[in-house]
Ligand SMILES: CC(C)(COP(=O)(O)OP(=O)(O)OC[C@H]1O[C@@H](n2cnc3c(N)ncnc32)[C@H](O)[C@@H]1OP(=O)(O)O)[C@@H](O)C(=O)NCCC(=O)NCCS
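Just one chain follows, in the form predicted on its own, and it is written as structure tokens.
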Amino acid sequence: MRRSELRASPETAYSLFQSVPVAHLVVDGPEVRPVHPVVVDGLVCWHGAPKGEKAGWVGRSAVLSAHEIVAEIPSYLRHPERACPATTYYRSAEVRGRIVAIDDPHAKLAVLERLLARFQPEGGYRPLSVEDPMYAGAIRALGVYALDGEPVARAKLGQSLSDPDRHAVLEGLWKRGAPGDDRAIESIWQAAPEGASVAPRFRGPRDTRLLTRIPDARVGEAVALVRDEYWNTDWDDAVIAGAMTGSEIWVGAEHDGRLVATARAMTDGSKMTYVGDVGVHPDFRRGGVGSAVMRLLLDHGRVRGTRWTSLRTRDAVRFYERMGFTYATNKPGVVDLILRPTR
């Protein structure tokens, strides 16, 4: 790899293979086929028909490749006239090696369970078992394959930019507000070299950094900030977590690697936005962190364009009034209704 700053960890490669819906298998010849990859015990695996062409590829050299576009970066984010800075930020991964067949039924089972967990996470089937007559024959007959090489990953996320140029890209993405730009900002920041400065817009008070999108992996921290609030007394942690990760907008703040604030919103991007689950760690209240997170949420690209933004509160009216919220005027004859489905 000529540009060493683009080299990413093997964990990045495994993560990408585990997240992309399709990777491309290039077999010497050459032949190219899409496969559904999963990672099991450090091997990138896939399945195929027992008598399909993939079965004939065992022992042949191959490359399995996957990529993810993080953001398209227009040139004017860095220069008002030159076209040269236009680029694409991405992650990519590949494994080179020989195709091997996985014949042990229990090893096959592990791959098939991982495939089902990825592509049918809701369940709806009898658990797989090599002893179950309904599955035993199918598991023995199904082809399951892997590449025996070590994965290599690349990530182009502005690592070589100076702080001012990186800040310009981050600010430009935030102002653009296209779908995925909030996540791209976090990816770019996470890839920045050690010692890189935080862009001004995302510097929160009390040495916090504002997060344009809280990663799903940190949902446990976010739930802990709001689980004991009055509006969540009817919900368990799993329901609260699902609401957070399922929200199009989910911002926050961190301090020394700890999540200290969270806020989420649902929006149609045109008529309305609804804000929920705003929470700040007790140690960071009354210091401007909550206000900074709310201002970030209200400035999100999907919220800026809506006609009105609403929320409900019974103990923070003054806080939200300072953010510009006012009492809603009920129209004559209009009644707010709520449906609570039976379970």
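Everything numeric in this text was worked out from a predicted model, so none of it was measured. For every residue, the number given is its place in the sequence shown, counted from 1.
As for the form predicted in complex with this ligand, it is not shown, yet the points below apply to it.
The chain is drawn here without this ligand; in the predicted bound form, the stretch among 36 to 44, 65 to 73, 50 to 58, 313 to 321 whose residues come within 4.5 Å of it by any heavy atom is 313 to 321. Among residues of the shown chain, residue 286 is one whose heavy atoms approach this ligand to within 4.5 Å in the predicted bound form. For residue 309, no non-hydrogen atom is located within 4.5 Å of this ligand in the predicted bound form, even though that partner is not displayed. This ligand is not shown here, but in the predicted bound form it comes within 4.5 Å of a heavy atom of residue 278. None of the heavy atoms of residue 171 is located within 4.5 Å of this ligand in the predicted bound form. This chain is displayed alone, yet in the predicted bound form one of 254, 229, 221, 268 has a heavy atom within 4.5 Å of this ligand; that residue is 229.
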